[in-house]
Each structure stands twice: as C-alpha cells, then as structure tokens.
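Given as structure tokens, the chain that follows is alone and in the form predicted on its own.
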C-alpha cells in the first residue's frame, strides 16, 4: 500500500481522535467545578446565619450560574419542545426556573451539617458531558449517592442533571411533564399554568 496514503490516513485518524478528546470535558475541571458549587452552597447558603429570604436570593444566584436551565428545560419538555411556540418556550423556561429555585432552596437545608465526598468522574455517552460522582453521609444508613451530569460548552461548565440514588431529576421531570401534556387538552399552556401553582 502507498506510504503517502498510509500517512494521510494516520493524519486523519489522529485529527479525529483529537476532536473526540476535545469534545469530552476535563474530568479534573468538572470535579473542581461541582466541588466549588457544593462548597459555596453549604457555606454561603445552608450554614449561613441569614434570613430565609437572603438564602433564597443567594441560592437563586448560585442556581442560575451553576445550572444550564435553558438546556434542562428543553430536555424535560421533550418532544413537545419542537411543537411549542417561541412564546411558550420562553414562558416554560421562566416558570421552570422559578419552580426549581423555590423547591431546591428549601430542600438544600437537608444537607445542613453535611459535606459531599467526591469519588472522581465517569464518562458520558453524550457529547461534551461527563459525570461527577459523590456521596453524602446520612444520619442513618449508607451514604446517599449523588451524581452530577456536567456539560461543557464554550469553555464553561454547567450542571444539566442531578442523579440521586440512581433517580435522574431531569428524566423524572420529563416523564411527568410528557404524561401531563398527553392527558391534558390544554397542552403546554396547561402545564405552564400547573407549574405556576406550585411555585
């Protein structure tokens, strides 16, 4: 076989390999990102001696900076995202953001006095994503397993899912919203109205 041909093939394979590696987020950087997020959440919000209103304000800031809620919102709306109007998409993302901030600002207090223990990262089948593995010691029983799905885009890390004890929050929401829309003639508008009542 022609040596020039072999050299060309090798060059292409090296280029493709390099692109594949570049598409996968840096494990150490992803782990540091999640560790910093949890540390800030525990020190500045959970353990802080401030009012609930101030905690909510700090949590909203942290939540908006750490999570890619536009990406998550599109995922949880599933195939209904494609048929939703631009106005419905915008309103859904806004309501979904408010609901999650309200819910998790209060639920985060469950981690008061606890620290996340990190156990490295695992590869993801999704391009540009990686899993960060952690556990949280509990008062009783085994430590709770918490896995963070991290997505890198434009050089920035964002959390796109939290998997607690093998239950994905994003997939759970997607299944719930898909079933709601399927069984409700109001469709996406009805879902948005329903989510507003939970904020």
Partner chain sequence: MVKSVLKLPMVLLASVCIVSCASTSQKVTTTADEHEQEDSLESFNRSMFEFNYQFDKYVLKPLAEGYRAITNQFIRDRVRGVFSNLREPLSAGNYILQAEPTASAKSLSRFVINSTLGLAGMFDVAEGWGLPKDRTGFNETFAKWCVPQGPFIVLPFLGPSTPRSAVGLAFEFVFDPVFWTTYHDANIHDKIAYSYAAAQAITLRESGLELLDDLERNSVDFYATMRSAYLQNQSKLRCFRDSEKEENTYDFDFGIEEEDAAFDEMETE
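This is a predicted model, so every value here is computed, not measured. Numbering follows the first chain given and starts at 1.
Below: the form predicted together with the partner chain, not depicted.
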The one option of 65, 142, 43, 28 with any heavy atom within 4.5 Å of the partner chain in the predicted bound form is 142
Even though the partner isn't displayed, in the predicted bound form is residue 115 close enough to the partner chain, meaning a heavy atom within 4.5 Å?
no
Taking heavy atoms only, is residue 36 within 4.5 angstroms of the partner chain in the predicted bound form?
no
Report whether the minimum heavy atom distance between residue 120 and the partner chain in the predicted bound form is within 4.5 Å.
no
So, in the predicted bound form, is residue 131 in contact with the partner chain at a 4.5 angstroms heavy atom limit?
yes
Can you pick the stretch from 43-51, 28-36, 164-172, 56-64 whose heavy atoms fall within 4.5 Å of the partner chain in the predicted bound form?
164-172
Residues of 181-198 having any heavy atom within 4.5 Å of the partner chain in the predicted bound form, listed in sequence order:
182, 183, 191, 194, 195, 198
